[in-house]
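The chain that follows stands alone, in the form predicted on its own, written as structure tokens.
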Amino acid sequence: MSRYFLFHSIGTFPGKAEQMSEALSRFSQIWSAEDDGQWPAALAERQAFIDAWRSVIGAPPGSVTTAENVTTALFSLVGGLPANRLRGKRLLVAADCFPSLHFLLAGIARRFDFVLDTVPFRPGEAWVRDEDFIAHWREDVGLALLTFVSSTTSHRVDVERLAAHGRAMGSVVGIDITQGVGVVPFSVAADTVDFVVSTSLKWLCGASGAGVLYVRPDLLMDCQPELRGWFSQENPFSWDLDKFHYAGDARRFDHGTPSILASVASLPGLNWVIARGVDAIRANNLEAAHKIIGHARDLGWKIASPVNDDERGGSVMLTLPSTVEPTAVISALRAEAIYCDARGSTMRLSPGAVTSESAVDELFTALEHIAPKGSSTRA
């Protein structure tokens, strides 16, 4: 029985290995053929990946393209915005954003002439409250980057509320949905955000290197990405060095020759999520999450995630007792074929499609031996 709780890292689904192997083997045969069909077939595979992503988030045609990861997707977006959107303004992020994005923004703030404003945690709290984000969000914010679900606490923001405030402030509103897409319903169809960055890892069960960028169509047409190349053109095969023209859709955020393998490897996971349905995936996840929360309370452990389902993503984080070493706990669980991880004293548990019904009970049976009931927890 599967005791896999790592869907916040690399997700999986029944038959993943076989389906990925088949997809990559088929592509290998196409790419190795001694004919001229490689690129048409490869670009069709990439388009199938893009179309699957559009289905997952409800995006219209021409609004989604690929990126290597969320960091490159965000840089491409920032580098494409009209200069007056950011120049002399604040760019707002939360302290619990994905660190890679903060590293990027801190490094390019001077060049794009914006002030990076990071909304802090309240003393003793592990996630940034929506009301605190709103309190920092005034009309001088040119762009606000939301984190759909935190990777360290599983806190989920109220996208509709925050985006509505952003529209009132006249800001560009973007969101990183990496930790929530595929397990929590999300759609751009309501036109609540201006852009989305994500990868196909985690709950979408894809491969690394398969990132995406969605840009709202009317904003997209105002963008002239700094990171550009031959695939950014309406006609990629135009070689006139003095007549570069951006594509009229999200392809303008492409640049050099696109990567294909990551899209091929990730499409089986995307298709599985689409076929299963996010609502069904969420229902299964919540059943396991409720058991985790109940067991943690019985042990007297601190729950480091929101207990309200509407405020939590697919993971439940627990604070390990101060009497145990986190790496030792994870190693002891691994020895019993129970897989999770820890960030400092925070143990991250993410049950998904392959996590068996009995796995939560087995996890806590093991934890009771590793850190018996009554062990003190860190504050």
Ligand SMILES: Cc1ncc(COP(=O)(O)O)c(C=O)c1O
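This structure is a prediction, so every number in the text was calculated from the model and none was measured. All residue numbers refer to positions in the sequence shown, first residue = 1.
Below, we turn to the form predicted together with the ligand, even though it does not appear here.
Contact check at 4.5 Å (heavy atoms) against the ligand in the model of the complex: none of Thr65, Tyr214 and Ser263 pass. Val70 is the sole member of Ala52, Ala59, Val70, Ala42 with a non-hydrogen atom lying within 4.5 angstroms of the ligand in the model of the complex.
Checked against the ligand in the model of the complex, the candidates Thr147, Ser154, Ser76, Asn285 yield a single residue with a heavy atom inside 4.5 Å, and that residue is Thr147. Screening 297-305, 215-223, 97-105, 245-253 for residues having heavy atoms within 4.5 Å of the ligand in the model of the complex returns a single hit, 97-105. Taking the ligand as positioned in the model of the complex, none of the residues of 9-32 brings a heavy atom within 4.5 Å of it.
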